[in-house]
Each structure stands twice: as structure tokens, then as C-alpha cells.
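Consider the single chain below, provided in C-alpha cells and representing the form predicted on its own.
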Amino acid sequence: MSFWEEFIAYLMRGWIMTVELLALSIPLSILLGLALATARVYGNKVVSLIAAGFVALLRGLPLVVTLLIVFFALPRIGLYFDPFWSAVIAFIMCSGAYQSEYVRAAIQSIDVGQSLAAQALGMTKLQEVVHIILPQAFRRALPGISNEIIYLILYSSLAYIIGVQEIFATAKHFNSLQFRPIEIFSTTALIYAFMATVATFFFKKLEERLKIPGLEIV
């Protein structure tokens, strides 16, 4: 087997693991971001304070530190996760915390008249938030959310630190066997760039799909 055949076989195994990580982390981090933002804006003082504290804590920790805490520290209190799930949990918490700030700002930018109109129609607060506020807030926050998702795709390479055999880990291991860093890491970088480009294109199309004529955000 030639170098490239063996290398691509290695790399594809790592790429599949990376895709599995992101397939779980991306949608769940978006949901967490929406939930945290909603709790901060509409929750009572206790709920809002807890959500704000969670966001402040996660935004203040490097992702590497969060990964190490989930994988090495949580078992000390009886919470055990394998490397894969430790990475997923850390990615969801970190990305969700950052995304929540975009959503919170978007919620607070919506005119109060929207809320008054919902109340005039007899909607409950939950119906107002779910059907009126959050759809508009998500659309406004989407550029920021997409930016965080791009970062998450790139930062997924940090999962190798706790033993997840994702694409960077497999490239690093293969380089230790073959020691051809230019070919190995250049190819790996191109794959990350390709994934980021695909995500950028997807979110651009999603923004266009959700755009409301006459209500474009300047």
C-alpha cells in the first residue's frame, strides 16, 4: 500500500469521528444557546442569575480546560464519561455559552410592540416567546451563531487531548509513523478548511432562506 493510500485510510477514520462529534455538538449547542438566552431574559431572578453565571464561567474558561475538567475532574464526583462524550459535552457547553450571548442580544433588540401585540391576541408568555420572539431572535442571531459553529469545527481538533481519535489525532499519529509533516498536516488543514467552507455556505443559504423581504438586518 502506498503512502497516500494508507494515509487517506487513516484520515477517513478520523474524519468520520470528527463528523460524529460535530453532528451531536452543533445542534445541541444551538439549543443550549437558545435555552440560556431565554432563561436570562425571561427567567426569574434565580434562574436568570444561574444562567448568567453558567455563561460567564464557560466563556471564561479555555476550551482545553473545559475538556480536561469534564474528562478528568468530573469522575472525582462520580460523573464518568468516555473521551467521545466528554468532548461532546465540553463542546456543547462552551459553544452554547457563546451562542447564548448572540441570542440574548437578538431577543433584547426585538421591539416591545411585538410582545404587546402577542398579549393583545391572548397569547401566554410561553406562546409569545416560542412563536413570536425566538424565531425572530434566531434569525437575527444567525450570523453570530454561524461564526461560533465555524470555530467549533476548527476547535474540534482539541479533542485529541483527551484521547478522541478524530482527524487531527489520526494525522498526528500517522506523522509519528511516517514523519512526513508537510504532506500530512497540509492535507489535514485542507480538510478542516473544506468543512469550514461547507458550513459557511450552508449558513449563508440558511440566512437567505430565513430572510423576510423588507425586514433585512442592516
Partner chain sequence: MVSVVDYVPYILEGVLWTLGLVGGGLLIGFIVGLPSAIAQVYGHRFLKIMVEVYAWFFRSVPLLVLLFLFYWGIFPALGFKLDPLTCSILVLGIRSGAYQSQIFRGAITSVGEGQYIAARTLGMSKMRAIYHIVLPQALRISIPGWANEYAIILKDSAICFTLGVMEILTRTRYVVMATLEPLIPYFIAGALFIVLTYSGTKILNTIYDKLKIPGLIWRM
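Numbering follows the first chain given and starts at 1. On a predicted model such as this, the values are computed, not experimentally measured, just so you know.
In what follows, reference is made to the form predicted together with its partner chain, a form of this protein that is not presented.
Although the partner is absent here, A120 lies well away from its partner chain in the predicted bound form, with no heavy atom inside 4.5 Å. When its partner chain is considered in the predicted bound form, V130 lies well away from it, no heavy atom lying within 4.5 Å.
With a 4.5 Å cutoff on heavy atoms, S176 does not count as touching its partner chain in the predicted bound form; it lies far away.
For the chain shown alone, N44 is not a contact residue for its partner chain in the predicted bound form, no non-hydrogen atom being within 4.5 angstroms. Site residues A39, S95 and I110 are none of them in contact with its partner chain in the predicted bound form, judged by any heavy atom within 4.5 Å. Although its partner chain is not shown here, in the predicted bound form the stretch 17-41 places no heavy atom of any residue within 4.5 Å of it.
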